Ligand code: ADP
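In C-alpha cells, the next block holds one chain alone, the form predicted on its own.
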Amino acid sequence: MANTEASGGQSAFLSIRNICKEFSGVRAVNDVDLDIQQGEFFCLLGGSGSGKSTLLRMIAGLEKPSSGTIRIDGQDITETPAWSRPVNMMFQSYALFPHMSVEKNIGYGLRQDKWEKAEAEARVSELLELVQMKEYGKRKPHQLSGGQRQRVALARALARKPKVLLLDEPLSALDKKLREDTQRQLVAIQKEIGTTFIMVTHDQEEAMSIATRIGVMDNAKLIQVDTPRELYEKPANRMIAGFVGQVNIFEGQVSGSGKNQTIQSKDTGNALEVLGEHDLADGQTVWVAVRPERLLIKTRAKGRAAAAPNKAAGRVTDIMYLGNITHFEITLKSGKHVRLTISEHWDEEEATVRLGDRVEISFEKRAAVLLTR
C-alpha cells in the first residue's frame, strides 16, 4: 500500500481522498489518496499516461473529478471553479504574452484582480527581485533566454500569492545544463517564500534532486509516496525500483526461512542472501534488487567458480567511461545482463578490468532489497 500520509504525522494542508477521473469509461486516475503538508516541494513522478498530469489538473480545477474530494487548508474545493481556488498553475509552455513586457506579464493577474496600482507595482518589483530579473523588467519575452522566460512565468504564477503552486513539467524545454541550474533556483525560491509547490515530472533524476517527497504514479494509481532516499533505498515493488534510478533485479525462489532470507536464483546460478525477516513461503517467487553502485567486481581466473552466495561469474560486454564514473555491462553465464557502476576512486584490481574479461560480481547482504511484487 502506498504511504500517502503527510510528513511528521501533521494534519495535511492539501488532502485528496478517493479521487477518480474517467474519460469515456477509462480511469485516468484511480482512487487516489494523498496528503501534502504546507511548505513541501512535492513531485508527482510517472511515465506518460500514468495519471500524474490529470491529478494535477484536478487540483487546479481544470478537470472535474468523477468522484472523491480535494481540500486545501481545511476548505473543500472539489466543486470550486478554477479561478476561485487558492492555487495557480505554471504550464510547460510558459504561455507568456509576447506583446507585453516582463513587468506587465508578471502583473497581468494583479490587474485582472484590480489591485491598486502602487500595490501591484510593489508586488511586481518584489517578484522581479525574487527571480533575479530586476534589470529585465522592460524587455519582451522574445528578448529573453529560455531560462529567463521560465523565471518570468514563475514570477507571474506567484504574483497573486497562491497557497499552492502547481508546476506542469516546467523545465522540460530547457537543455540539461540550464535545467540543472534552474532546478537549484527553483528550490531556493520555494524555500525562501515557503509556498507549497506540487510539480509533475517524468524525469526521476529531476524529482530526486528537488523534492522533499515524491509520489510515484503508474497505470492511474499512486503506488508509493516517500522521500527520495526512501524511494531509492526501499522501493515498494519492481516498477518503482526500475523507474527510480538504475537497478539490477534477480528473480528466484525462496529456500527455507529465517532472519537472513535465502533465494535460489537461476539468474546468478547461486543462492542469494538478504537481510531482514520476511513472511514468505518456501518456493515463493521473489526478486532481489541491487543498485549498480552496490555491486563489486574483480577479475576471475579461468575456470574458478563463483560458488559463494551473492556472487556470480560473467564477462564484461560493455564499458562506458564518463570521467567521474564508469558503467560496466556484465553478461552472466545465464545470459542475464547486469549493470555495474564504479566511481572514480577505483581500487587497483577494479582499474585493471577490460572489455571481454572474465569477472566475478558480488554484493553484500545489506546492499540488496527483497521484492515480492
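Every value quoted in this text rests on a predicted model; they were computed, and no experiment measured them. The numbering used is simple: start at 1 and walk along the sequence shown.
Although it is not shown, the form predicted together with the named molecule is what the next lines describe.
Although the partner is absent from the chain shown here, 28, 48 and 53 each have a heavy atom within 4.5 Å of the named molecule in the model of the complex. Considering the named molecule in the model of the complex, the lone stretch of 53 to 61, 32 to 40, 309 to 317, 322 to 330 in range is 53 to 61 [heavy atom distance within 4.5 Å]. Applying a 4.5 Å heavy atom cutoff to the named molecule in the model of the complex picks out no residue from 187 to 225.
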